[in-house]
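Form predicted on its own, single chain, as structure tokens, below.
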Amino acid sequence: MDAGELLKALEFAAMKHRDQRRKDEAQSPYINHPLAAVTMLWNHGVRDRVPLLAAVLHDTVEDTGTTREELATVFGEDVAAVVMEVTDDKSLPKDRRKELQVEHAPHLSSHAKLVKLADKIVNLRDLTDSPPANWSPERRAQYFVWAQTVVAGLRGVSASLEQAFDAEHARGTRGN
């Protein structure tokens, strides 16, 4: 993995997400989320440029004005394709988007499965450690159940990440 290319993706994502905040009580900068996702992959032995770059960029199309074409031009079609695989269609109702994540999970490319696993692990950790201020314990519990259903379709791509997900899931559901 070329450090320069990773830094370029980090700078790109930071600029795209610069005005966004997480939903936690502290309203953390949004860029913390893609940083955590790429760090999760790295810490679990992923060194392939495509999933690492896609992890940094995974929410740019969904949550900013970034287009697939822009990603393909700057980072290559391979990275853009993985980002698109993990991008929800925001024109659909939330419940439908959640259903589609479950339906699509088993059919994602291995690179997209890695990104999706890292994303879910980080989301569970954040829900446990610094949940959105307006989320009830019931809503958090529902997210944990749904995330486990999504991850069931991702299994087989990384034993290490799957163990990390299982550990985070267990930690977060102990209090529920």
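Just so it is clear, the structure is predicted and the values come from calculations on it, not from any experiment. For every residue, the number given is its place in the sequence shown, counted from 1.
Here the subject shifts to the form predicted in complex with a small molecule, a form of this protein not shown in this document.
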Residues in which of 118 to 126, 43 to 51, 103 to 111, 64 to 72 have heavy atoms within 4.5 Å of the small molecule in the predicted complex?
118 to 126
Does the 4.5 Å heavy atom contact test between residue 95 and the small molecule in the predicted complex come out positive?
yes
Can you tell me whether residue 148 touches the small molecule? I mean in the predicted complex, with a 4.5 angstroms heavy atom cut-off.
no
Is residue 22 close enough to touch the small molecule in the predicted complex, meaning at least one heavy atom pair within 4.5 Å?
yes
Is the gap between residue 32 and the small molecule in the predicted complex 4.5 Å or less for some heavy atom pair?
no
